[in-house]
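Just the one chain here, laid out as structure tokens, in the form predicted on its own.
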């Protein structure tokens, strides 16, 4: 018996291949590899390409001429750039109204009454239609002489207001159009979040006498933190990327007063007014750095929440 035990223990273990020894560690990376390659080609590489191009004067076809910081020096002395930057700030501040508006509508719709699905569908409708359609609808809404908004103001004050032709009002009119689908998007996020609110905590708060705004502030909103986080992130990025409504409703006018940075970049780099690829790239770099401030803050908060177990 002792001789048999010695012979078994002396048998060498079968040698596993390198792939079998590292399979579990490498498999996730293999699944991520196609996505990482696409991200590298379509996101990371264009970012560095834009930085590099912003130091040149180039029309897209001819020879590039090195300017160094020349495009940036011209940009910081460009009144149109500051108009676009200010409009982006307006977009950023006013676009965030979509978050509380979406929350209010979601709370209103989060009830079980007859026909509530139809009401939800009607509020959801602006989100599923194209931004181009939204822009056209609001252009008709503001149109002088026959637009509903123009007629309403004319009926109230005796004089109509051509919103899209007024340099002081045009950006607010476009932002109002952008808020329509964005409120619907935030509403969807909050409706999903409200379905996950703990009924036990709500009932316990009611027994303790919490009602109305106290219930909303101390019980409901803390449980909606993930939905609020996503709503704020998407709204901020949407505000900074605003382009399509400006292009459809005013094409940057009147007199360039409704431009935003993304539209000004397009005008300088790709439209018939420019073909200045280097100058457009410099605008893109500035917009990217502004977005990175917000994106870095959001990522930092997300990592902190993960570590704290929210």
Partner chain sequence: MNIVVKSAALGLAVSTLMASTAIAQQRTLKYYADFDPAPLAAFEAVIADFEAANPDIDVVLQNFDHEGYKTAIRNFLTADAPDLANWYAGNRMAPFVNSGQFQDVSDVWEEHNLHESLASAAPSMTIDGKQWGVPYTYYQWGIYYNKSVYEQVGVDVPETWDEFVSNCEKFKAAGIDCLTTGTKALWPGAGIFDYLNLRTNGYEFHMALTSGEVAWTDDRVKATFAEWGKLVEPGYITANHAALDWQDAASLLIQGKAANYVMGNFAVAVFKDGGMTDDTLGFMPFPTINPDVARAEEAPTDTVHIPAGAKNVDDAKKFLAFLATADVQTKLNEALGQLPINKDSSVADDPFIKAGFELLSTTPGGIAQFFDRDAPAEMAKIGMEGFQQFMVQPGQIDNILERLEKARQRIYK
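Nothing here was measured: the structure is a model prediction, and the numbers come from that model. Residue numbers count along the first chain shown, from 1.
The protein also exists as the form predicted together with the partner chain; that form is not presented, and the subsequent description refers to it.
**Q** Could you spot which one of 129, 165, 194, 221 gets a heavy atom to within 4.5 Å of the partner chain in the predicted bound form?
**A** For this set of options, the contacting one is 165.
**Q** I'd like to know whether residue 66 contacts the partner chain in the predicted bound form, with contact meaning heavy atoms within 4.5 angstroms.
**A** No, residue 66 is distant from the partner.
**Q** Does the partner chain come within 4.5 Å of any heavy atom of residue 145 in the predicted bound form?
**A** Residue 145: yes, in contact with the partner chain in the predicted bound form.
**Q** Residue-level contact is defined here as any heavy atom of the residue lying within 4.5 Å of the partner chain in the predicted bound form; does residue 150 satisfy this criterion?
**A** Taking the distances in the predicted bound form, the answer for residue 150 is yes, it comes within 4.5 Å of the partner chain.
**Q** Taking 4.5 angstroms as the cut-off for heavy atoms, does residue 208 touch the partner chain in the predicted bound form?
**A** Residue 208 lies outside the contact set for the partner chain.
**Q** Heavy atoms within 4.5 Å of the partner chain in the predicted bound form: which stretch among 266-274, 280-288, 25-33, 42-50?
**A** One stretch meets the cut-off, namely 266-274.
**Q** For the stretch 230-253, return the residues whose heavy atoms include at least one within 4.5 Å of the partner chain in the predicted bound form, in the order they occur.
**A** Those in contact are 248, 249, 250.
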